[in-house]
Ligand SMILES: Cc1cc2nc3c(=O)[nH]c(=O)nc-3n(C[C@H](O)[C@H](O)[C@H](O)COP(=O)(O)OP(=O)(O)OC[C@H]3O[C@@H](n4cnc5c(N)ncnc54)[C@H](O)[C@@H]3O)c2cc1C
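What follows is one chain in structure tokens, specifically the form predicted on its own.
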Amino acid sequence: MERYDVLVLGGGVLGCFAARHLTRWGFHTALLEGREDLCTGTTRANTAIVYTGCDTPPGTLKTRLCVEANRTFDDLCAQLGVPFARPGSLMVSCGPRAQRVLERKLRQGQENGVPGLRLLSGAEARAMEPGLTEEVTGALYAPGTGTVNPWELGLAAGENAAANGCTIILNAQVTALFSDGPDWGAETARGTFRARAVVNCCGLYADQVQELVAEPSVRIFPGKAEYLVLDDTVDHAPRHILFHEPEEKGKGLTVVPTVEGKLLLGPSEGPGADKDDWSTTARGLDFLRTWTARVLPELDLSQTIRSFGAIRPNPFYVYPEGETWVREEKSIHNFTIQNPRPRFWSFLGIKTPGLTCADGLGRYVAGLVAEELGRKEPNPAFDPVRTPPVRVKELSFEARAALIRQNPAYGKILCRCGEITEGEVLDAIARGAVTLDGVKRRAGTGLGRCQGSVCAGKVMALLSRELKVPVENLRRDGPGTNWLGGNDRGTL
């Protein structure tokens, strides 16, 4: 079995960026992912916001990385060929308690060096967003707040890592870790892999992976969240990202006009019992509908085209009490990066603004590995640029015609909602999609009003043909989601 410099465990957005930056240092890197594709966990179900740094305490690693990431996010997305929008955000209040929260976040953001922050009156907020309720008394305007497609960003980072020499090994869930002289070993269903160092980016399961080699110190407890997606034709949709700070303590509404043009409402917030429970709840969806009616009373919720569930990782320090481990009362709010054994690092419970900071966190841990392994200079041959896939509907008529002459598959529309062609689906398969949702996350099929009812069969036929797998053996999205004969229809 081939020996590597570094093993990255987990192929979500954080693991993909860690791998990318390790190749920047010239390390012979392998990324081990337990599923059949990258970015199938928490990366595919979050709020898609690029934060400015108003919400994080001054002087922390989280704040430093967030402010820096926001400032450079346009450049990062240009390098990786990923769409990015910066609509700005309004955090709105409807009373004195919420207004005090806005004032505190203004002071905190200014101390953190966030540019352009401004407090608005209720009238000024409604002038910017006429659909807001008349009850709005004020708003904190942050022009730098942005939005990006989370899985598209993660997949792009993974492709760039692979182009720079990283070996991506799928269906390789880690079952055991051991230290063997100068090496670490990871046992998986695909065999045993060895390396000088390990970076644990296993998301919701990072605590369990670390406990294969060290006593518990931090454990991740799941929290449930739900989202609603509204069609891109909905009237009275806001142009800015909206954060609603409720007058009573607790979770408010978040509204995101996405880079694809749809409207994302959520998340709700509630306790979770299972790290594998991606279901929605009536309570969570009712929460979103109730707050939407109060904050954006003219928004037509009949334009909802899907709902989906998410799991939020909540990390807590734990301590022994008899034969059990008990969590502390308050969760950890800073980023938790541990080094419990030599040449072994773990990201434990990285949550908001983890998507914003994924590139910075990858760069940070790669620097730690380089220092530990004695690597002095980055790899001069590293290429940060990734060639993005073709998006036919974004091309001029002349460019479309030229492309179709070269490859007629780009002239056959498969997904009517998104105007996505057979050529784009074939490109998604060539880039690594092996499931219906794997194509969706790369090409955008099935994300529109009909949610795949028109194109799903055609996409599955192409998957079957290109992968040489019978349709009945193909999955919508991972284990237990067989497209024919299965009961589980998968998740976003």
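Source: prediction; values computed, not measured. Throughout, we count residues from 1 along the sequence that is shown.
A second form of this protein, the form predicted together with this ligand, is not displayed here; the remarks below concern that form.
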query: Looking at this ligand in the predicted complex, is some heavy atom of each of 93, 252 and 316 within 4.5 Å of it?
result: no
- line: For this ligand in the predicted complex, the stretch among 135-143, 196-204, 323-331, 392-400 with residues bearing a heavy atom within 4.5 Å is 196-204
- request: Could you work out which of 456, 48, 65, 462 is the residue within 4.5 angstroms of this ligand in the predicted complex, going by heavy atoms?
  value: 48
query: Out of 29, 56, 42, 445, which one falls within 4.5 Å of this ligand in the predicted complex, going by heavy atoms?
result: 42
Residue 437 within 4.5 Å of this ligand in the predicted complex, heavy atoms: no
task: Would you please decide whether residue 353 lies within 4.5 angstroms of this ligand in the predicted complex, comparing each non-hydrogen atom pair?
output: yes
message: If we define contact as a non-hydrogen atom of the residue within 4.5 angstroms of the partner, is residue 99 a contact of this ligand in the predicted complex?
response: no
- request: Would you please decide whether residue 33 lies within 4.5 angstroms of this ligand in the predicted complex, comparing each non-hydrogen atom pair?
  value: yes
task: Could you list which residues of 164-184 come within 4.5 Å of this ligand in the predicted complex, counting heavy atoms only?
output: 172, 173, 174
